[in-house]
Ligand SMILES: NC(=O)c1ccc[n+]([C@@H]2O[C@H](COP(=O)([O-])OP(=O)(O)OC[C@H]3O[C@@H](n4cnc5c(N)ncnc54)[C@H](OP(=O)(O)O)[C@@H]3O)[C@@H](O)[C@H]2O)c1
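So this first bit is one chain, no partners, the form predicted alone, shown in structure tokens.
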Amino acid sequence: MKAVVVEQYAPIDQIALKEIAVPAVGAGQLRIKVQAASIGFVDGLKVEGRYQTRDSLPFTPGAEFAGIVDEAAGDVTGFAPGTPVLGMARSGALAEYIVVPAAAVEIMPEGLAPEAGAAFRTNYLTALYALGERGTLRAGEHLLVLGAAGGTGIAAIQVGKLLGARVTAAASTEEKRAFARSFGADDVIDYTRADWRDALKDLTGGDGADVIFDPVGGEVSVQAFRSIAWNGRHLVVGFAAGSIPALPFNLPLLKGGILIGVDVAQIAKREPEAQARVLTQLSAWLRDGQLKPVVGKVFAFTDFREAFKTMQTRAALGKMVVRIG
């Protein structure tokens, strides 16, 4: 089969498609014929060896996928060959086949395209775990989403609205702000403007944001915390800006604000009950049509490098998806 294979940590231009063996199925596992896989910021860091944990070489990147069950182990029930599924793994999705534990997938809702299925789990798990479990966002509260046009940002807007919040989307270009508004943002802010905090103050009646969803980092994170409401919660999701900010400790004291870390990679081990709650709610929203995963640009398998480059420019709208099968 064809797969993207990282033999040495390197820029994506140095990574190639290779022919490798089709993986065998072990106890409790499924082999999936992949139709689509999505690419996120973490995938780009992993390829270059810059993520906080490293995959052992060689490895195939890609954590999210959608496809068709090709083979099920004898001890697995409910996933007959030919069943369309979506799922999430540590890595391996940028390949024609992937083998995963049966618990890593769920049956695809009827009518959902593979590209949308591949763009679902990581972003929406991050958004609902952050907002619902960590940030305890309540109906009527004011949510500020930084980096609002990216994959996790758009997911946070949609989830925030489903939880009953008033959502302000902060993004750096008019195109991104329009994109965020099209998926439910009540208000938009240009956080490249020197007076953006004044605009947020006006939108919140002078109180500031109750919850801040922050996948960006950099100086904008510190400025956002300066505009947090009393008892507000600032959710640290990632550092797409490329720099980790340093928060003066007097700010949480003065604001009564709380800084909360969000690491989805750890919740299966550390908070399995929370992960189960979140996935159950997401699946319910997905199946009844309240939640529609946002797909950004779709690339051919042979153009996987362009998908990574588009994601890394931060010019991308939504999640980048590679069509494989």
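The shown structure was predicted, so the numbers you read here are calculated from the model rather than taken from an experiment. Numbering starts at 1 and follows the sequence shown.
Omitted from view is the form predicted in complex with the named molecule, to which the following refers.
- The stretch in contact with the named molecule in the predicted bound form, judged by heavy atoms within 4.5 Å, is 121-129, chosen from 77-85, 121-129, 102-110, 245-253.
- For the chain shown alone, Ile12 is not a contact residue for the named molecule in the predicted bound form, no non-hydrogen atom being within 4.5 angstroms.
- Though the partner is left out of this view, Ala274 does not reach within 4.5 Å of the named molecule in the predicted bound form, counting heavy atoms only.
- When contacts are judged by a 4.5 Å heavy atom cut-off, Ala171 counts as touching the named molecule in the predicted bound form.
- Within 4.5 Å of any heavy atom of the named molecule in the predicted bound form lies no heavy atom of Gly160.
- With respect to the named molecule in the predicted bound form, the three residues Arg90, Gly117 and Leu286 uniformly fall beyond 4.5 angstroms at the level of their nearest heavy atom.
- Though the named molecule is absent from this view, in the predicted bound form it lies within 4.5 Å of a heavy atom of just one residue from Ala72, Leu203, Ala240, Ala178, which is Ala240.
- Residues of 1-28 include none with a non-hydrogen atom no more than 4.5 angstroms from the named molecule in the predicted bound form.
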